[in-house]
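The chain below stands alone and is given as structure tokens, in the form predicted alone.
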């Protein structure tokens, strides 16, 4: 995919792919209220995720804390083709199998917050490590975009990433980027709009069959989870984590707090005033 430098007039994407035709992104005066779509921005630490967030939102940002947590919560807004997007910059996480408060926040929002699009930012120079999170996200949502950032660094190190082949293998849009210089931002905006509106369909590969005995146990436990938490999103994923003995999921299930405050889009406003920092 050809990279294009981002600009205030919203350059169109690559004309040979379904992400072409992105219109201007209008930002002045934009608030996070009354948005058409919610976007979750996920990624390992040090992938340039905050740079992507800043590039999309400019100064249209709010920073506060997640309810009941000391974890920082950053949100912003941007507009594409007349549609308004609210983007939540999740804490950096290496895995959805959470080992920290930051990872729990990221996991719970993707699992239970039902974002319209989840953008996973990965570092092109350390793909083997970063793709772990991307694959886990794709296990639980078919509304995702993978942003391969730091392509310029990869090129300097002699690393070649075939993003088209990666997109075919993952079954989701993959956008090559160098966010610090604005390269790839028009394609990212177009991919976000396409997935949110349904004009781009992800074709995620089905999860492997775990065998008759495990699948039967998993089905029974999924039913039990839904009986205890009616309408809980991704109940099968939760049941699988319970079978594996994931400590944080087991703890939340015992405490009756699975998905608390995250059934549907999180709409409570951050406590702090707008800020240019992320």
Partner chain sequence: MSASEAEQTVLLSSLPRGGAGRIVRLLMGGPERRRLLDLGFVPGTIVVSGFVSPLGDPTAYHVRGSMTSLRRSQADQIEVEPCSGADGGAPSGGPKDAA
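Computed from a predicted structure; not experimentally measured. Numbering follows the first chain given and starts at 1.
A second form of this protein, the form predicted together with the partner chain, is not displayed here; the remarks below concern that form.
The stretch among 81 to 89, 114 to 122, 128 to 136, 190 to 198 whose residues place heavy atoms within 4.5 Å of the partner chain in the model of the complex is 128 to 136. Three-residue candidate spot 168, 174 and 215; no residue lies within 4.5 angstroms of the partner chain in the model of the complex by any non-hydrogen atom. Checking 202, 140, 97, 183 against the partner chain in the model of the complex, a heavy atom within 4.5 Å turns up for just one residue: 97.
Although the partner is absent here, residue 152 lies well away from the partner chain in the model of the complex, with no heavy atom inside 4.5 Å. Using a 4.5 Å cutoff between non-hydrogen atoms, residue 64 does not count as a contact of the partner chain in the model of the complex. For the chain shown alone, residue 103 is a contact residue for the partner chain in the model of the complex, at least one non-hydrogen atom being within 4.5 angstroms. Shown alone here, residue 58 lies farther than 4.5 Å from the partner chain in the model of the complex, counting heavy atoms only. Within 4.5 angstroms of the partner chain in the model of the complex, the stretch 240 to 256 places a non-hydrogen atom from 247 alone.
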